[in-house]
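Given as structure tokens, the chain that follows is alone and in the form predicted on its own.
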């Protein structure tokens, strides 16, 4: 990953020095181990602060919405797919975005590592397929593959789908056997079991909307939960209001979600928010042969009409 860092810094510095972009969006090292933060570099000096490693989780497409500037973005596969969605939905023009493609071998599950080592981590580093983790109590070298985030284990596009320049060699495309296995388990439940499953899933939700704010495709001018005339959803912790928020947000993402996992990463309560959107990803894949963010020339299936659309739901 260090080679990615140096290449990203080099590309970013050149773009800024030559005035080709107004800013470069990437990641900056945080103040604690395993922390990297989205960062906008506007000068060559700031570009030297950019980093890339297995903790660069948040989707950077979230920071280009409706921009009037020309932007460069260090984009993993999921970031690039969301950039495509932004272009298709007219949230930014293609010639406004210089995409620094970053082939991705997966991001580590920081929550899982913290659970095993405790919150008193003192060091984190990586070397190829290995990661070194040190806390006040112990120090271990782990296999990165054993600690990947769930969404990374089912990722179908680790390489950027569109780019202007690459920061490294393309990685092999994975052969994912069944990326919807968890959805199938829920589909096999009876109605009462499903209701209880989602009731338990959202029981700890505090309505902070971090999942919505981190999502690169949640960019409505006013979210339905914030509407007051009419008011669609209550503002309190009522169970129905909490579930309404999660289900309606998922439907708004149908055919647009790339399963980047930003929602789960942002959730302070550790809720598996993707359990809502993955079902709709499965449906759009099976019904329309569609995966979001792969084609700049096509709009999402629920945004278009075709006489050949499936109509088995019509009774």
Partner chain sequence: MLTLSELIDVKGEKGNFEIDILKKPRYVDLDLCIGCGACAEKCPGKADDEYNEDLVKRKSVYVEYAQAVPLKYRIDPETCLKLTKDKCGNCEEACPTSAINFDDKEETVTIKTGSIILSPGYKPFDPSQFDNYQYSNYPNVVTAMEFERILSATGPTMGHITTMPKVPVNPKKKKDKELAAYRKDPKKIAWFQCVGSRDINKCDNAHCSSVCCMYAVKEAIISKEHAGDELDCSIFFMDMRTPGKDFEKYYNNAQEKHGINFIRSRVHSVTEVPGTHDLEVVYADEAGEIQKEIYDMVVLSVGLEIPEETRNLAEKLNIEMSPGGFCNTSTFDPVSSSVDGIYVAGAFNRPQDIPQSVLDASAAASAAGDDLSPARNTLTKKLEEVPRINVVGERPRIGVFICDCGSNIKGVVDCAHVTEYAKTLPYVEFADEPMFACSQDTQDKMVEYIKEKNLNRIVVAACTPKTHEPLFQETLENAGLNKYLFEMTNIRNHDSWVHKNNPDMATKKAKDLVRMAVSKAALSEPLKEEKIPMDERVMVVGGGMAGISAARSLSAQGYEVHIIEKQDRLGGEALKLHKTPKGEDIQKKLKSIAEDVNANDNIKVHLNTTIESTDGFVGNFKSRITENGDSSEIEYGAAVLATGATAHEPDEYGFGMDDRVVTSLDLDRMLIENSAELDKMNSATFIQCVGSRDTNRPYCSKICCTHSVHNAIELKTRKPDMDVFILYRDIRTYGENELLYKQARDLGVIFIRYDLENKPDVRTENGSLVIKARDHVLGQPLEIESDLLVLATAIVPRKDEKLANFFKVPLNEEGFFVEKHAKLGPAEFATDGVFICGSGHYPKPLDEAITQGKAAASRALTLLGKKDNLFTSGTVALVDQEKCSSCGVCVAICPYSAPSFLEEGRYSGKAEINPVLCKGCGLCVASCRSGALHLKGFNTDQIFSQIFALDEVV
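On a predicted model such as this, the values are computed, not experimentally measured, just so you know. Numbering follows the first chain given and starts at 1.
If you look for the form predicted together with the partner chain, you will not find it shown, but the lines that follow are about it.
For the three marked residues, 221, 230 and 302, a heavy atom of each sits within 4.5 Å of the partner chain in the model of the complex. The contact with the partner chain in the model of the complex, taken as any heavy atom within 4.5 Å, belongs to 89 out of 123, 129, 120, 89. The partner chain is not drawn, but in the model of the complex it has a heavy atom within 4.5 Å of residue 252. Partner contacts here mean any heavy atom within 4.5 Å of the partner chain in the model of the complex, and among 213-221, 141-149, 69-77, 156-164 they occur only in 213-221. Shown here without the partner chain, the chain has no residue in 130-153 lying with a heavy atom within 4.5 Å of that partner in the model of the complex.
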